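Shown here is one chain on its own, the form predicted on its own, set out as structure tokens.
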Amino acid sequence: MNRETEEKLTSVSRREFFKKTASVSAVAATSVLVPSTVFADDENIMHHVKWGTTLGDEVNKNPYGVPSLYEHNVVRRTSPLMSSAGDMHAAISMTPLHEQKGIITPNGLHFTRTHNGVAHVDPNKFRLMIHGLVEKPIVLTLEQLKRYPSESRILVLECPSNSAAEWKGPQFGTLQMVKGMMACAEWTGVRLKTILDELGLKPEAKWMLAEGSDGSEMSRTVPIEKVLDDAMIVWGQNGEALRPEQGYPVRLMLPGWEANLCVKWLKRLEFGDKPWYAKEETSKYTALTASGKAIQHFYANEVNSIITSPCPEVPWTDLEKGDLVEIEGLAWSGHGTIKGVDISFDGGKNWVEANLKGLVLPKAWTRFSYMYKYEGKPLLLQSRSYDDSDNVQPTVNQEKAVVGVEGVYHRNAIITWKVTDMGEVSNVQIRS
């Protein structure tokens, strides 16, 4: 038998097999979300594909691995609206949450906020000064810093401006731009308390100033209680060195607190008996309330959640009535651990409990899930999370009653996706 005859016989036998099994697969579609029809003549099944009949790349073509070419659209995105008067050196780039798998954000997709562009620090010239109200002031090189015992923690980082544009009403039409100022990663470094135990902290030390080495010299004041609780100095992210966008070689990490406080390109820690009232904690990063007064020293990010599927980028336009589909999302809290998530299909009138899945960790993303039988009818889809500190995600009206409509930071009101009878998804607000 020659090769041409063998291939023809193989093709015929495959075609007969798929014709016989097509009806079985169509029945399965009523219980599992799969195509309702199997095509016996699908070219991708009946014939050898190119990549299966040719040599692939040499094993080390890319010494540092890269994503598939077919994933070229999975990238961070930004907008001039997310910058300082159009200056993209003082701007933010958003995580593609609709493409997020699990709870660990790849380093190349982690949201980025800069105030003077991305600094490129020479690790050989890096120095960290720790001084002020300590018994033994010190200047550490990167190598010396890494000699301290390290630990790793999975933590969410969220900009306090996340969803800021939504205070007055829906502004963006994609999940990425609505809620993409956050990401979750495994961070590796040393507890700041470990270093301070060695240096000796003076009793009158009540505050710490953290200062970055980039052109903006980002500075924030941190109360000593947080410093001695779980503050870290980190140099690793998801098993490798920090990326320049994340503060290479070293940044401060304050679990659960504003990402702005987690100063990047760290160069100095000073301890004192009063707050420094730096620019970024007076003119910015305060919470204006309905009374006209602003809240300062506003740190932990509130309990929050968002449905990631469906969303404007992942609509239900390919579903048919009767299909089972998984509703998925992310929940998190800077105050502790997510305890539960509820889902509403009618804009908050009625709620059902979602399932938490995978790792459920403090101050990290938690995934939630709910299996839904698609009926092809309009929905107002919401999620509402609550944590182990009894914090419950508020409605838009509940939040605005406290802060008003001029807020910028710490927005955690419930997000609503409007799903049409055609499965299209858009961003709306429910005021009730």
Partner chain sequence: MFKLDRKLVTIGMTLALSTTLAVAAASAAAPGVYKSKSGAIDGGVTYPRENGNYTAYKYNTQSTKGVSFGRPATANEIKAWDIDALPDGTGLPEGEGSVELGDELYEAQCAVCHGDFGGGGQGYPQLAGGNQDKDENGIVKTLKNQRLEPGMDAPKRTIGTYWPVATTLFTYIRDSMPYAHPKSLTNDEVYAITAYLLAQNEIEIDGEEMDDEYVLNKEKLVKVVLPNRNGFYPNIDGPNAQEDIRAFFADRAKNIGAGTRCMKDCKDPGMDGKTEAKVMKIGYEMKDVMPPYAYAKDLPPETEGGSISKAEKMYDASCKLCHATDTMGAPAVGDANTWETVMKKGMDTVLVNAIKGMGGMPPKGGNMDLSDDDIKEIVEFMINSSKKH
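Worth saying up front: this structure is predicted, and the values here are computed from it rather than measured. Numbering follows the first chain given and starts at 1.
We do not show the form predicted in complex with its partner chain, though everything after this point is about it.
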Query raised in the report: Which of Lys293, His120, Lys321, Lys202 has a heavy atom within 4.5 Å of its partner chain in the predicted complex?
Result: Lys293
Report summary line: If we test each of Thr78, Asn238, Ser161, Ser309 for a heavy atom within 4.5 Å of its partner chain in the predicted complex, the one that passes is Thr78
Query raised in the report: Does the 4.5 Å heavy atom contact test between Glu406 and its partner chain in the predicted complex come out positive?
Result: yes
Query - Any non-hydrogen atom of Leu380 within 4.5 angstroms of its partner chain in the predicted complex - result: yes
Query raised in the report: Would Glu99 sit within 4.5 Å of its partner chain in the predicted complex, counting heavy atoms only?
Result: yes
Requested in this report: Considering only heavy atoms, tell me if Leu109 and its partner chain come within 4.5 Å of each other in the predicted complex.
Outcome: no
**Report entry** Residues in 153 to 174 close to its partner chain in the predicted complex, defined by a heavy atom within 4.5 Å, in order
**Finding:** Arg153, Ile154, Lys168, Gly169, Pro170, Gln171, Phe172, Gly173, Thr174
